[in-house]
Structures are given as C-alpha cells and as structure tokens.
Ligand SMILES: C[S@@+](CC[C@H](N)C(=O)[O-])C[C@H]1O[C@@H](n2cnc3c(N)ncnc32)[C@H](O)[C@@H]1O
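Below sits a lone chain in structure tokens, taken as the form predicted alone.
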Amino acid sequence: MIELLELTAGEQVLDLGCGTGMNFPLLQDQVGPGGRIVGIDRSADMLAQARKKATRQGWDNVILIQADATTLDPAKISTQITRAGGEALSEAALTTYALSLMQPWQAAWAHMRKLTVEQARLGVLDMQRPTGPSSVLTPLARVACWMGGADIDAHPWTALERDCTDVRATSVRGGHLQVRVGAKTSDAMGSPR
C-alpha cells in the first residue's frame, strides 16, 4: 500500500491507528528527513512504543498524537500538528488493519479525510473473509479477527472506493487482505465528503 501511495520526499503523511509505528520505517524511506509522519492512536501504550522507535532511529520528524479516531476533533488535531512543527493537513494518509477495529469506523474515515489536503492520496489496508480456494481458512480468519477485536465484515475500503478517484486495488492471502489507494475527491459543494 505504501508503494501505491507514491509518497515523495518532503511530504507529510498521516498514519491513522499507527499503533507501535510499524509503518514508520517504510514511510521514512519515502518522505525522508524533510517530510513528516503524523501518527494518531488512542492507545498511550502503543504510542509509547512508537515514540521509542522514533527516538531510537533518530526520527525527529515524527509527530504522535493520542486520540480516538472516531471521536477526535479534526480542528483540534490540526492545531496540535501545527504546534508540533507540521503542516495542519497531510498530503497523504493511510490506515493499516485499524478501521475494522473502530466503531463506528465511518467516523474515523471522515476524520482522516478532514485531516488531509484536497486531492490527497489515501490508503486503506484491512481484512475480510478469504475468498476462492482460500475460503477454507475463513474459520481461522474469523477467530483471529475476533481475538483482535476486528470486524471481519466491516469492509472499510468501500468508503475509499466511494470517496476517491483513480482507485487502485489489490489483495493478498486469498483475498483476506484488501488494499485500496485513491485520490480524495470533494462533493459538489466543494467540501470533503
């Protein structure tokens, strides 16, 4: 998904539901020291691990914010990003295995859109039941999602398909992992959908 986002050096990218910063090394490779990574997660423990990772690697371009993506105030978050030395809005945003954990995930998606510039590149990586021959693994996938608190039937990438243009899609592991990347669009009134 990160490759499909086609990030460039110097850009600011939002990682919604960043957890321990698992995506940070790949994002750093793309945006470089002149870019910024904004990580938002509701878990203080996860953010502490992400902060340690950034400190250990010497990444001083990482901004971490503790917030629940479903209830956050985008204006307040934009102010926090600006105060931390970043731009208020990001040129790209992604969420990895996170939206299916959030209730209601649609609110988190709307907030992610509001924290990005017009025509931002957005990416969603999440899970569904395996398909085709891999569907025999559905019971295992359902248990794994249930144990992790994810809704295997959420299909949050459908919001990206609805709200973006130039959508690129791929899947792996027998369709269990779904990836979507696209360019954010606006509604007829000129405001983000």
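Heads up: residue numbers just count along the shown sequence, starting at 1. Keep in mind that what you see is a predicted model, and the values were worked out from it rather than measured.
The same protein also has a form predicted in complex with the ligand, omitted here; what follows describes it.
Undergrad: Mark Val181 yes when one of its heavy atoms lies within 4.5 Å of a heavy atom of the ligand in the model of the complex, and no otherwise.
TA: Heavy-atom contact with the ligand at 4.5 Å: absent for Val181.
Undergrad: Residue-level contact is defined here as any heavy atom of the residue lying within 4.5 Å of the ligand in the model of the complex; does Ala69 satisfy this criterion?
TA: Residue-level check for Ala69: yes, a contact with the ligand.
Undergrad: Applying a 4.5 Å heavy atom distance criterion, does Met102 contact the ligand in the model of the complex?
TA: The answer is yes: Met102 has a heavy atom within 4.5 Å of the ligand.
Undergrad: Considering only heavy atoms, tell me if Ser43 and the ligand come within 4.5 Å of each other in the model of the complex.
TA: Heavy-atom contact with the ligand at 4.5 Å: present for Ser43.
Undergrad: Just one of 151-159, 55-63, 164-172, 35-43 has heavy atoms within 4.5 Å of the ligand in the model of the complex; which?
TA: Residues of 35-43 come within 4.5 Å of the partner.
Undergrad: Though the ligand is not shown, can you say which of Ile81, Ala98, Leu115, Ala92 has a heavy atom within 4.5 Å of it in the model of the complex?
TA: For this set of options, the contacting one is Ala98.
Undergrad: Out of 17-50, which residues reach within 4.5 Å of the ligand in the model of the complex, heavy atoms considered?
TA: The stretch 17-50, when checked against the ligand in the model of the complex, contributes Gly17, Cys18, Gly19, Met22, Asn23, Asp41, Arg42, Ser43, Met46 at the 4.5 Å heavy-atom cut-off.
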